[in-house]
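Below you'll find only one chain, the form predicted on its own, shown as structure tokens.
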């Protein structure tokens, strides 16, 4: 099977960063690419959402949210009890792993499209829903309750953050306009999506290379956790997808969401809510280990697991 081209862009950026090349993506371009991707993902999901009843998605949404709550709880126990991390660091890391990565989701969708594997476009609704509940749970775990927590600023940071605003905004635009209304914008938001994603992953490769130093500080335990936790979370996602009778493609996307770790919304929220936590541990594990693990090995593995699981239950 040919290598997914957008992954090759990520590897190019990673290589350039490791050899300390002077390759750089201008900050303004990086911001523009991220705005485009978030809007495009939301719009594509909104178009699909317009074809379905919201009531029909309510049941699966509740089941997915309930199952997703297990991920930060499991992560916290492993990090706090086995890893012997400070409570604040364990809770912050658990929040990162309970939340999701939009870019990892986009790469998984690209992988499915390249291999002509169908999936439901409304899966982006679950992407939006899973973005922030784990962050709130992480704060509760850090405090052992809700006291002494600056809930107002944290909620404003999360709900008013760029990723949530653009994803929900794009979702509403696509839903209200529908496929016919968005058609004049197809060339921009649909046809150019994969090319923009490739540029974005080139920058992400550079960013991951810059975080390799954090991994050395994190130690072997966190590196192992950063690879084992996605596998456990993906398994939960695949089982939930099977329970909800999702297609193989939709199950892969759900597994990818469960397996991914946030490195955009979570760091900003945790900086406000749990300032005593060490951000180098969370970002080092989420971005330095889990993100490349999912891109290079995880997504194809989740697809293989989904097909095998589907065969067992048929």
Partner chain sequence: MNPRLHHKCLLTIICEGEIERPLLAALQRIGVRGHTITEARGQGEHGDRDALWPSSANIRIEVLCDSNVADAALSALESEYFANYGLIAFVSDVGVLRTQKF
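These numbers were taken from a predicted model, which means no experiment stands behind them. Residue numbers count along the first chain shown, from 1.
One more form of this protein should be noted, the form predicted together with its partner chain, which is absent from this view; the next part is about it.
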Contact test in the predicted complex: residue 275 vs its partner chain, heavy atoms, 4.5 Å: yes
is_contact(residue 120, its partner chain) in the predicted complex, heavy atom dist at most 4.5 Å: no
Contact of residue 49 with its partner chain in the predicted complex (heavy atom, 4.5 Å): no
Partner proximity in the predicted complex: residue 246 to its partner chain, non-hydrogen atom cutoff 4.5 Å: no
Residues 72, 76 and 131 all lining its partner chain in the predicted complex, heavy atom within 4.5 Å: no
Listed residue (222, 112, 137, 206) with a non-hydrogen atom within 4.5 angstroms of its partner chain in the predicted complex: 206
In the predicted complex, segment of 246-254, 49-57, 63-71, 259-267 with a heavy atom within 4.5 Å of its partner chain: 259-267
Stretch 19-39 - residues with a heavy atom within 4.5 Å of its partner chain in the predicted complex: 20, 21, 22, 24, 25, 27, 30, 31
